[in-house]
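We begin with a single chain expressed as structure tokens, specifically the form predicted on its own.
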Amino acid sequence: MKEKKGAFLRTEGLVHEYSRRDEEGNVTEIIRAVDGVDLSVEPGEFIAVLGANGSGKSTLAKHFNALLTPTDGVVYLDGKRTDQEENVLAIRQLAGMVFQNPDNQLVSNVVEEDVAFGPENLGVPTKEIRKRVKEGLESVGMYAYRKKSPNHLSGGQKQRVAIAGILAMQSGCIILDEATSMLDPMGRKSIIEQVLRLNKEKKITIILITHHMDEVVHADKVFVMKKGKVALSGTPRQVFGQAELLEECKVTLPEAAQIAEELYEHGMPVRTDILTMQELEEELERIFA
């Protein structure tokens, strides 16, 4: 069964429950990590999913490429249901996932061999694999490191190699599940700039799950999770304009927005919808011109 044409990714009434068991294997508690989520993502969009620890955002993300299947409801990716076994390989080829710790994804002692691992498992011909590996590493600025061991790379460089591996599988969608949380600010900035470039230039759909608000200001849409539900959604400016609701969801404002808010509270006539440092600088120049 295929979904009607339209959204690239769609969830309908998505529910995911975990069971807690005692030492004898008896169920002691049912935890509803995702609770009736409806959302849609268009091809080529950059989507961000925010929320406090335990809000359900990572559990939700694992449904997008069939790492988890719904307890109830349906997930479609490119028109294919993720809970149908015959669709799983195609779904995972189309939607690649980059996790918090890149060491969990790197399987080879040589960078180019690691990038080749995915397409090799898909049975891609050797000549085509070489082409994809070269293009994938060039796309993330890591071609010069192709003969290196991943063990000698920085955390940010490992993340780039993981992304190159997804690209070599010709993934039309990259899901980053807290993929920058272990990096320093410069490393995070570099990865997000790379992801934005892939989104704009190659029209790759990006789904970013993150705690870092500054990473999502350029997203097309933002979904804020609270207790397994989508509590808030919209453009970054719409979402970050609702400070009280964000506080209830334990989500903070981007740094530039926090500074602008403090300046406004101290009597400075600053715009209250500022999201980036560049916008803040331009606003201050306007005020003091």
Partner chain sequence: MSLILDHVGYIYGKGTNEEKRALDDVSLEIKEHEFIALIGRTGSGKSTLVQIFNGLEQPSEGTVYFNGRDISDKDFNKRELRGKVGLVFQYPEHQLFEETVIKDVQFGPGNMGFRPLDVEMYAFQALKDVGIGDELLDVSPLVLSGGQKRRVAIAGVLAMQPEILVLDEPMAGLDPVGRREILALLQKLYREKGMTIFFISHNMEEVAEVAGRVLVMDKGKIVLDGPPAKVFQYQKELEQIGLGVPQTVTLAGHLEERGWSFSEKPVTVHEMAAEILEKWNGGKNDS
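Note that this is a predicted model, so its numbers are computed, not measured. Numbering follows the first chain given and starts at 1.
Not on display, but discussed next: the form predicted in complex with the partner chain.
Participant: Flag residue 26 as yes or no: does it have a non-hydrogen atom within 4.5 angstroms of any non-hydrogen atom of the partner chain in the model of the complex?
Facilitator: Although the partner chain is absent here, residue 26 would stay clear of it in the model of the complex, with no heavy atoms inside 4.5 Å.
Participant: Taking heavy atoms only, is residue 263 within 4.5 angstroms of the partner chain in the model of the complex?
Facilitator: Looking in the model of the complex, residue contacts with the partner chain include residue 263, since a heavy atom lies within 4.5 Å.
Participant: Flag residue 15 as yes or no: does it have a non-hydrogen atom within 4.5 angstroms of any non-hydrogen atom of the partner chain in the model of the complex?
Facilitator: Residue 15: no contact with the partner chain in the model of the complex.
Participant: Can residue 245 be called a contact residue for the partner chain in the model of the complex at 4.5 Å between heavy atoms?
Facilitator: Residue 245: no, not in contact with the partner chain in the model of the complex.
Participant: Just give me the single entry in 69, 40, 252, 235 that has a non-hydrogen atom within 4.5 angstroms of the partner chain in the model of the complex.
Facilitator: By the 4.5 Å criterion, the partner-contacting residue is 252.
Participant: Look at the stretches 222-230, 237-245, 32-40, 46-54 and give the one with heavy atoms within 4.5 Å of the partner chain in the model of the complex.
Facilitator: This holds for exactly one stretch, 46-54.
Participant: Can you confirm whether 185, 277 and 284, the three residues that make up this candidate site, all sit within 4.5 Å of the partner chain in the model of the complex, judged by heavy atoms?
Facilitator: Heavy-atom distance to the partner chain in the model of the complex: all three under 4.5 Å.
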